[in-house]
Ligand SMILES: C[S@@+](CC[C@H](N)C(=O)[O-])C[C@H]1O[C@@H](n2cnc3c(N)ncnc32)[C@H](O)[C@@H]1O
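Take a look at this one chain, the form predicted on its own, written out in structure tokens.
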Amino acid sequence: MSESIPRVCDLIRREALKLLTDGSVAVDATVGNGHDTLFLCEAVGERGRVYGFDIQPVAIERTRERLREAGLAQRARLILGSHERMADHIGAESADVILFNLGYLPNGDHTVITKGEITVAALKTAVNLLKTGGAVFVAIYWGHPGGREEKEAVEAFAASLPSDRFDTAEISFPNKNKAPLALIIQKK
């Protein structure tokens, strides 16, 4: 029997790993519980740097603890603030990988969600932070109130990017109701 299709977050990590080496710069635009931040800290190596953003103090604390337990806290700079303000902390054309997980904080307040207008503003910033060959990976969890509108706004943004500067792809699971999507934007 062959392997099953990986979950969205596993697909994204597998593809992101292809772009990360020791010394890379990566961004976790929505740190949540810190799983992606930890993954990025491991992938960028000792010389790399990870920037993590979240608007919820509990997310920053959970992530800080996860990194501390793994002995990787020194590789990350965690910022309590919106991902639309990434450029205040990261230079233009300096990031190899930027990850987004849209929706709400698992095991947190489900009324605090990412929103289309802010996410699109953050994505506009993110594509300008990418190095040539770098990519933005977005896990779109859209099965909650407000999720469809955010999904549509993000897809419209990706479709509007000039094809001479960016490649875009979306991976979906059409036989699953409101299954998460993976969106990839790579700078040429």
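The numbering used is simple: start at 1 and walk along the sequence shown. Everything numeric in this text was worked out from a predicted model, so none of it was measured.
Below, we refer to the form predicted together with the ligand, which is not included among the displayed structures.
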A59, heavy atom within 4.5 angstroms of the ligand in the predicted complex: yes
Proximity of H35 to the ligand in the predicted complex, heavy atoms at 4.5 Å: yes
In the predicted complex, S82 touching the ligand (heavy atom, 4.5 Å): yes
4.5 angstroms heavy atom contact with the ligand in the predicted complex for G116: no
Options 128 to 136, 25 to 33, 159 to 167, 41 to 49; stretch whose heavy atom lies within 4.5 Å of the ligand in the predicted complex: 25 to 33
I90, L105, L78, L72 - the one with a heavy atom within 4.5 Å of the ligand in the predicted complex: L105
Within 4.5 Å of the ligand in the predicted complex: residues from 38 to 66 (heavy atom criterion): F53, D54, I55, Q56, A59
